[in-house]
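The data below hold one chain only, encoded as structure tokens and taken in the form predicted on its own.
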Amino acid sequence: MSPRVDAIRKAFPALRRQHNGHPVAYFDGPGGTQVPQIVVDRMGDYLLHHNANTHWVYPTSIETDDALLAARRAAALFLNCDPAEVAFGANMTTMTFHLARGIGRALDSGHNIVITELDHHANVAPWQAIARDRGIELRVARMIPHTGLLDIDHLASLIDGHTGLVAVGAASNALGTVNPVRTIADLAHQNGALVFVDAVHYAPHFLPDVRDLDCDFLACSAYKFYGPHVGILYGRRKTLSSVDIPKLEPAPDDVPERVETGTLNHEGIIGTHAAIDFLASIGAEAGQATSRASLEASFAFLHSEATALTGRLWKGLRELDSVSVFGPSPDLQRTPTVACTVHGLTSDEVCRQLADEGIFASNGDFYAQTVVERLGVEGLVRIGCACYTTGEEVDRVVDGVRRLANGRR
């Protein structure tokens, strides 16, 4: 274990947990990562000493306004956008349904929407709903089952001058596939379509850059990158200002508040700021403030570590005769999330038995239901590496799967 990974691990109290006499190895990060102490401390400090509602003139309300603005600026650094282009909400799914309703008001039966088979259904169901409500044609781009990649040629064939929106995931939460979002955005914009990007699984592993991706909207969730359960939505300022989003009449109509319905999760937003600061600290010099440069350095280090772990995990699982491994190979750009099945066992049985050994991995379809259907399996065992994962833990999970594949506990 490198000294830097050892220092990262010390920030996470959850890593001290034992189960059945085994230290817990958390491979469930794609469903939600563990949280460093700094996030909990900042949230607690806010609740205990600054808790108030917003936009009033007394001290704790002013302190809350200041803290939320600071968090918005931190999220803007994280996404490489203007703070006025960052909205907060309950989670990506809720925010996407809300946004989709507003976008749908500008579309009619002469339009189509393009989605993909590779996506989490949070980036499918909202567009299905407005297509149904507005009589819009829904077009679905194919996934290539044996590679886990999106069929870009098929997707391109679906986009035309009547396409109102293309919704695509930056990375598959089930298989770890990373999609060529900029290429897709260029195709969409050439035909006058908007682009919505689900970056929930992408953001923990690749520093988002909405300018480089050239998307109109991008959503992610802080609890996937070491923060609390808060959703983040980027919207290109001009576009976000014009979408007919449902809102209360007295509520602000300026961006980004026009997107944020009701009272927000203030402590969660402040915890999100802390999570971004934590990520920036991984690559920063001692005492260096959070900046785009410190975030880039952190993600460069994390990507290097993740690449090594993914190769080790992929190789170990692929060597097992009774195990099938799905998704892109490690030589392609991908996240450190590997999906597999063990012949003769359900994904539930595999993960339950791994849990007995202190290995926490997730099972099922992970709301990427279409992916599982296209692969023709009952469910997947999903093994996801995070910033605190070690090579020794990867060896533990491979050994655990090997024993199950050989019929031993």
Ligand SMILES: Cc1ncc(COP(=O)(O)O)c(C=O)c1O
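Residues carry their position along the shown sequence, with the first being 1. Keep in mind that what you see is a predicted model, and the values were worked out from it rather than measured.
The same protein also exists as the form predicted together with this ligand; that form is not shown, yet it is the one meant from here on.
Novice: May I ask you to choose, among I270, V168, M92, V210, the residue with a heavy atom within 4.5 Å of this ligand in the predicted bound form?
Specialist: So the residue touching this ligand in the predicted bound form, by this definition, is M92.
Novice: Only one of W314, F278, F217, Y223 has a non-hydrogen atom within 4.5 angstroms of this ligand in the predicted bound form; which is it?
Specialist: By the 4.5 Å criterion, the partner-contacting residue is Y223.
Novice: Please tell me whether any heavy atom belonging to N173 falls inside 4.5 Å of a heavy atom of this ligand, as the geometry stands in the predicted bound form.
Specialist: Yes, N173 sits close enough to this ligand in the predicted bound form that at least one of its heavy atoms falls within 4.5 Å.
Novice: Give a yes/no on whether A339 approaches this ligand to within 4.5 Å in the predicted bound form, heavy atoms considered.
Specialist: Close contact is absent here: in the predicted bound form, A339 is far from this ligand, nothing within 4.5 Å, heavy atoms only.
Novice: Is L79 close enough to this ligand in the predicted bound form to count, meaning some heavy atom within 4.5 Å?
Specialist: Because no heavy atom of L79 falls inside 4.5 Å of this ligand in the predicted bound form, the answer is no.
Novice: Look up in the predicted bound form whether V200 has a non-hydrogen atom within 4.5 angstroms of this ligand, and give yes or no.
Specialist: Contact with this ligand, yes.
Novice: Can you say which of 329 to 337, 92 to 100, 284 to 292, 238 to 246 gets within 4.5 Å of this ligand in the predicted bound form, counting heavy atoms only?
Specialist: So the stretch in question is 92 to 100.
Novice: Need the contact residues for 19 to 33: heavy atom within 4.5 Å of this ligand in the predicted bound form, sequence order, or none if there are none.
Specialist: Heavy-atom contacts within 4.5 Å come from P30 alone.
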